[in-house]
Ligand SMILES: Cc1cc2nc3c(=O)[nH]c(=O)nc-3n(C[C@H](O)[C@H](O)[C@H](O)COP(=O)(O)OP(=O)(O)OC[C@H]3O[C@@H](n4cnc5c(N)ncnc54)[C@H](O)[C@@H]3O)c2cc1C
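Below you will find one chain, with nothing else, as structure tokens; this is the form predicted alone, and questions on how it binds or moves follow later.
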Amino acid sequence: MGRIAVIGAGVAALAAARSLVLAGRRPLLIAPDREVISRGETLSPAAAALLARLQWADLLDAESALPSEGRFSVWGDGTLRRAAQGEGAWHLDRASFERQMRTKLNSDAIECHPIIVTMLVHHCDGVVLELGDGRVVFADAAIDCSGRAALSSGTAAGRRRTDRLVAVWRVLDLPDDTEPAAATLIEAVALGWWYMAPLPGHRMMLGLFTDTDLLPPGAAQNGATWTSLAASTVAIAPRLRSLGLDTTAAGAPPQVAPAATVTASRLIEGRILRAGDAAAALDPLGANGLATALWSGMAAAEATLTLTDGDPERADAYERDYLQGIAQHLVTQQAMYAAEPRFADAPFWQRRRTVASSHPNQEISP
């Protein structure tokens, strides 16, 4: 049996490596040591079945995941509503979750190199990988889970960024005497939308999602300027005050992270398959990014096994299913933005109404 390399240290890479272990392989995981910032993300209900397939259902413990009590939104008008979606999801501490995945994987005794890959070169029988220390290794196939950097992606991948979305966020420690509902709160504003959700460890995630060029001066550097942007909100500002977090949030600068949607037209080139954000990155409004990363890592691993045996059918199906899923996600995403009519003159919303097609293979309709 040939060697399969998995590149990356995130959810997709760790799921791919685990899938290969369960298939009886000993993958080569090339993942630089990294400090993942502790931040909150939503893990959709679809992830439970995927974790069970990986025999990792116990990862959703009190340290890494908090069961969601639903999702509330102020979207479309000024009324706070409970959304249909949100039941069965988890509020996840991404750093803790990935740390537990790595600990589990270490017990599988896989071959791991904590170093970066600087280059991938196609070979007639596989892939040549050049590592950060100058070493060169050969693999029968490689799964690129290098995140938004998409290390293996060249012009043939057809990658395209469709917006400039960023998250301006902080994780706040809740006062000891507060017991907030474990529910997500989303509120649309002219500048974009606010996200607020609890995290394990008695903490609260607060984030503003907007386009990087629309962010007012000082908002990314000054906590008071950042939180002042929520002053006129219907639900975010009152919830901050009721939890005693308004002063805390204003007391330190937020962090900024990329959140733009990036699509692609090809996920497979030779014996290199892309998964996770290296394949496509999604606007977090749909709250499905982590489940997609899990699925794509697992599906890419299964496709790689048959591809190295000379059968490309499963790899072709992986690429087709992924691209169709992304196209459907974009249709849903556009419909969600179209459901907010209040800020028709604001650039953030105008941009999302004028995107006729964000996917190279499929037209988008509202």
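Each residue number is its position in the shown sequence, starting from 1. In this text, all values refer to a predicted model and were calculated from it rather than measured experimentally.
Keep in mind that the form predicted together with this ligand is not shown, yet the notes after this line are about it.
- Only one segment in the set 133-141, 245-253, 211-219, 290-298 has residues whose heavy atoms sit within 4.5 Å of this ligand in the model of the complex; it is 290-298.
- Exactly one listed residue, out of Ala183, Ala224, Ala83, Ile115, brings a non-hydrogen atom to within 4.5 Å of this ligand in the model of the complex: Ile115.
- Contact annotation: of the candidates Pro258, Gly76, Gly88, Pro238, the single residue with a non-hydrogen atom within 4.5 angstroms of this ligand in the model of the complex is Pro258.
- The closest non-hydrogen atom of Ala9 lies within 4.5 Å of this ligand in the model of the complex.
- Although the partner is absent here, Glu187 lies well away from this ligand in the model of the complex, with no heavy atom inside 4.5 Å.
- In the model of the complex, at least one heavy atom of Thr42 sits within 4.5 Å of a heavy atom of this ligand.
- In the model of the complex, at least one heavy atom of Pro32 sits within 4.5 Å of a heavy atom of this ligand.
- Taking this ligand as positioned in the model of the complex, the residues of 135-163 that bring a heavy atom within 4.5 Å of it are, in sequence order, Cys145, Ser146, Gly147, Ala149, Leu151.
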